[in-house]
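Take a look at this single chain, the form predicted on its own, given in structure tokens.
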Amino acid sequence: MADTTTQVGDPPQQQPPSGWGRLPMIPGPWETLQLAWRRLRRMSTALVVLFSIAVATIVATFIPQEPLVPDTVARWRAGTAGPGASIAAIFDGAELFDVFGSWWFATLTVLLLVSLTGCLIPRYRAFWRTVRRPPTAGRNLGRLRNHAVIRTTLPPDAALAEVDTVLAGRRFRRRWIDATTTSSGHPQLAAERGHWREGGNLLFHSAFYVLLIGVGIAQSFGFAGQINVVEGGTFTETRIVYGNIRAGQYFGIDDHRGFEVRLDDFDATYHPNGTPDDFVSTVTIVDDGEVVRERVPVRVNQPLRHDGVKLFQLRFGMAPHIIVRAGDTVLYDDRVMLGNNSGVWTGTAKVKTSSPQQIALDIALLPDFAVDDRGRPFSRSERPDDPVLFADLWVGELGLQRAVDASRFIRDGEPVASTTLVPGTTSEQLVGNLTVEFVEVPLWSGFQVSHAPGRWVMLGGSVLLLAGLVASLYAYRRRVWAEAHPGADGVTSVVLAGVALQRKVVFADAFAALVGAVRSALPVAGETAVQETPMTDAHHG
């Protein structure tokens, strides 16, 4: 058997290279979960996730969102608009065309909720323990920054009882401490106040939690749609009537209320410079065949509420009534909703969409026609006092069969004819036997119809946010102690001392007022000694 012992003088055994060492321990699944939870429950992690959500929201303002503007997103994907089809494909893969409906945004939201929960629960537990803990006894009261001695003829217990009454009136939490348990050997009254500073901090952070829940409820179970209605027109609150709608994931077609809204009248007033001063829609609500709200005004910031749905006044415009005929055959009879373009109301009407002879009208309306010194037409005001309509007639293969906005028809060359009309007049035959009649100028009103079930939760979160902010800014922890030292001459020396954990300058004034109140409550036997500038703030209980 070989001898394995090392003899004296044998060469040393070869050591591994200096760069080598023990391999690090690889955490198992349970350790990994614990590490992830410790990281996730930090407030810094919650702030990073919140910042990421804010960045995602900013990105959504620069990139068109498909639920809001699907036509724009389609043009970006086709490469006819935006940075190009290749960049749009990258955006599509990252779900940047629907940021708020993407899986990664939902993941960030869940992470923020979990992180806030992990941050707040331990802090609430610590706050609850702190609030329930009675005020502690003070030590070395004579070395505290705020210190005063009041000499009174009352016995010690009666003097402390008067101090207790003063502190109770100032809403301090108090605790009587027996002389056998104090460091000075004298009875002591300990009081404290200001836990709302930490409580306000917790409320402030909890408000984000509540706001996040409210936004999640509104986004999941709410909807918002927009629709334009001409005076005298009606629409039914169903999914199909809205030209632009955002519906939550859990808001189905059957969740629409189905009541009818009739626009009885619309009126607008203007400032001298032509900007709108006020515009109001007068509507009637019909539900289940019965009129439930009749001639109710709807203004900006004054929505109409019915059956959990709000009807907001959003915009308005002019809608000239146009009739296009081919001989005795009516090809078009409708009101064209125009938009304001620097004082000129413009729009387009699809008259005939079948190929090959498609027909469209380009319309411009001056509501109060006038001519300037150079012979150029303009509108004196925005009210339709003297309206004049200009119409260009387009005939040919215009692409009107596409499901796009009427204004996006194909303009190839020049219009085949033009006409100028006032209300109640009809043009001469423009092309063949085509004529255009201008009947009248009613107005149209644009509404936003929305259902936001989480608005009360968000309101509660906003109240919590404000309350927590005010409490954390103005509340502060402070402690006050009072001791009664009996004297040989029958005079009791009441020692008052206090310390503030925050806002020390403010507490100095409050302590001086407290000393004055106690001095007024006690029959004073001598001068009050107040120490305003001590050497140090000593450690206390």
Partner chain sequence: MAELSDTLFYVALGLYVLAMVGYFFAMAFTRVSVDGVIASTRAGDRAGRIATGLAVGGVSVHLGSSLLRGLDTGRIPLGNMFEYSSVIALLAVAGGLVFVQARLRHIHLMGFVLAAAVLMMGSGWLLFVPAGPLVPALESYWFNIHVTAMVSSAAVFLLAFLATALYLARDTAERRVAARSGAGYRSGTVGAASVDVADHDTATATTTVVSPLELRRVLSPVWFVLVPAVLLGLYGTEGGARGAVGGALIGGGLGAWAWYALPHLPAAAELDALAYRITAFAMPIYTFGVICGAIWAEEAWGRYWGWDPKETGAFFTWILYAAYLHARATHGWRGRRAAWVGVAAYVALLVTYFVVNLVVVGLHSYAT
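Model, not experiment: these values are computed from the prediction. Numbering follows the first chain given and starts at 1. Just so we're on the same page, rigid core means the largest C-alpha set that superposes within 1.5 Å between forms.
The form predicted together with its partner chain is left out here; the points below concern that form.
*Asks:* Taking heavy atoms only, is residue 455 within 4.5 angstroms of its partner chain in the model of the complex?
*Replies:* Residue 455 belongs to the contact set for its partner chain.
*Asks:* Would you classify residue 459 as touching its partner chain in the model of the complex, given a 4.5 Å non-hydrogen atom cut-off?
*Replies:* Yes, residue 459 lies within 4.5 Å of its partner chain in the model of the complex.
*Asks:* According to a 4.5 angstroms non-hydrogen atom cut-off, is residue 310 in contact with its partner chain in the model of the complex?
*Replies:* Yes, residue 310 lies within 4.5 Å of its partner chain in the model of the complex.
*Asks:* Hey, in the model of the complex, is residue 260 touching its partner chain, heavy atoms inside 4.5 Å?
*Replies:* No, residue 260 sits far enough from its partner chain in the model of the complex that none of its heavy atoms falls within 4.5 Å.
*Asks:* Under a 4.5 angstroms heavy atom criterion, identify the one residue in 131, 416, 300, 286 near its partner chain in the model of the complex.
*Replies:* Of the listed residues, the single hit is 300.
*Asks:* Of these, 50, 512, 491, 40, which has a heavy atom no more than 4.5 Å from its partner chain in the model of the complex?
*Replies:* It is 50 that has a heavy atom within 4.5 Å of the partner.
*Asks:* Whether 29, 168 and 195 jointly form a contact site for its partner chain in the model of the complex is the question; each needs a heavy atom within 4.5 Å.
*Replies:* No, none of the three is in contact.
*Asks:* Report the stretch among 208-216, 392-400, 73-81, 336-344 that approaches its partner chain in the model of the complex to within 4.5 Å, counting heavy atoms only.
*Replies:* In the other structure, the partner sits against 208-216.
*Asks:* Which residues from 415-452 come close to its partner chain in the model of the complex, meaning a heavy atom within 4.5 Å?
*Replies:* Stretch hits, in order: 448, 450.
*Asks:* Against the rigid core, is the Cα displacement of residue 181 between the shown form and the other one at least 2 Å?
*Replies:* After core superposition, the C-alpha of residue 181 moves less than 2 Å between the shown form and the other one.
*Asks:* If I superpose the two forms on their rigid core, does the C-alpha of residue 427 end up displaced by 2 Å or more between the shown form and the other one?
*Replies:* Shift of 2 Å or more: no.
*Asks:* Superposing on the rigid core, I want to see if residue 98 changes position between the shown form and the other one - specifically a Cα shift of 2 Å or more.
*Replies:* Yes, the C-alpha position differs by at least 2 Å between the shown form and the other one.
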